[in-house]
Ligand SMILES: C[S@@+](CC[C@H](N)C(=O)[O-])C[C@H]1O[C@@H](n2cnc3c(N)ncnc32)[C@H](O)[C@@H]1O
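Before any questions on how it binds or moves, here is one chain, the form predicted on its own, in structure tokens.
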């Protein structure tokens, strides 16, 4: 059995999230993140016929939401759900048999198995902070996005929401905890334009009494929801990317 210390970052993610999949936690994410995701989808202004990548798709619940919104059009709308965890992808496929315009693929954010200049829009819900090399992931997204394509990265673990940092020590894989400004600077450094950050509050009701492990009381949970998730929005310039000339080791 390989020494966990020698595993690649992607292999660590694959193992961890395969365990999550087997525990049914991929499907649970819909209940945890539906409010912030629906608000993000409204901002994306998805249209029939668009090609969309759902990066870090998990069990595929957000992929299916997008697929219904882009279905139809002269050029049939299509959504590709990509995840490094093969068990998550297996469950996404099983849960999406009636969704004809969604395709689920096993792959890494560091080496996206897709052609250049393809996707009109990219959505990533609650996965980007897991990527060990965020610069390379952004370079890959830039490559597969169509000229003037739009990027939407939604995360609720970031430095400006201190409540979310409590989870980092409990996770079995490393996470990136950048600030809002650091993310904006990173996207700009990776050649994206029209970069902006938006806070997306969680609009789900907060119970009068809180008995979970992450917050001291309902007031803390309410404050966490008020601060909200961080939505990073950016656009690829009106340029075409050349074919990739390298492979990730």
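As the structure is a computational prediction, the values presented were derived from the model and not from experiment. Numbering follows the first chain given and starts at 1.
Although not depicted, the form predicted in complex with this ligand is the subject of the following passage.
Between 92, 144, 125, 122, only one gets a heavy atom within 4.5 angstroms of this ligand in the predicted complex; which residue is that?
Among 92, 144, 125, 122, a heavy atom within 4.5 Å of this ligand in the predicted complex occurs only for 125.
Give me the residue from 80, 85, 155, 151 that has a heavy atom within 4.5 Å of this ligand in the predicted complex.
Looking at 80, 85, 155, 151 one by one, just 85 meets the 4.5 Å heavy-atom criterion.
Is every one of 29, 33 and 109 in contact with this ligand in the predicted complex, taking contact as a heavy atom within 4.5 Å?
Verified in the predicted complex; spot residues all in contact, yes.
Spot the stretch among 181 to 189, 53 to 61, 220 to 228, 203 to 211 with residues whose non-hydrogen atoms come within 4.5 Å of this ligand in the predicted complex.
Of the options given, it is 53 to 61.
Answer for residue 234 alone: is it within 4.5 Å of this ligand in the predicted complex, judged on heavy atom distances?
No - in the predicted complex, heavy atoms of residue 234 and this ligand never come within 4.5 Å of each other.
Test of understanding: in the predicted complex, would residue 131 fall inside 4.5 Å of this ligand by heavy atoms?
Heavy-atom contact with this ligand at 4.5 Å: present for residue 131.
With this ligand taken in the predicted complex, which residues across 140 to 176 come within 4.5 angstroms through any non-hydrogen atom?
The stretch 140 to 176, when checked against this ligand in the predicted complex, contributes no residue at the 4.5 Å heavy-atom cut-off.
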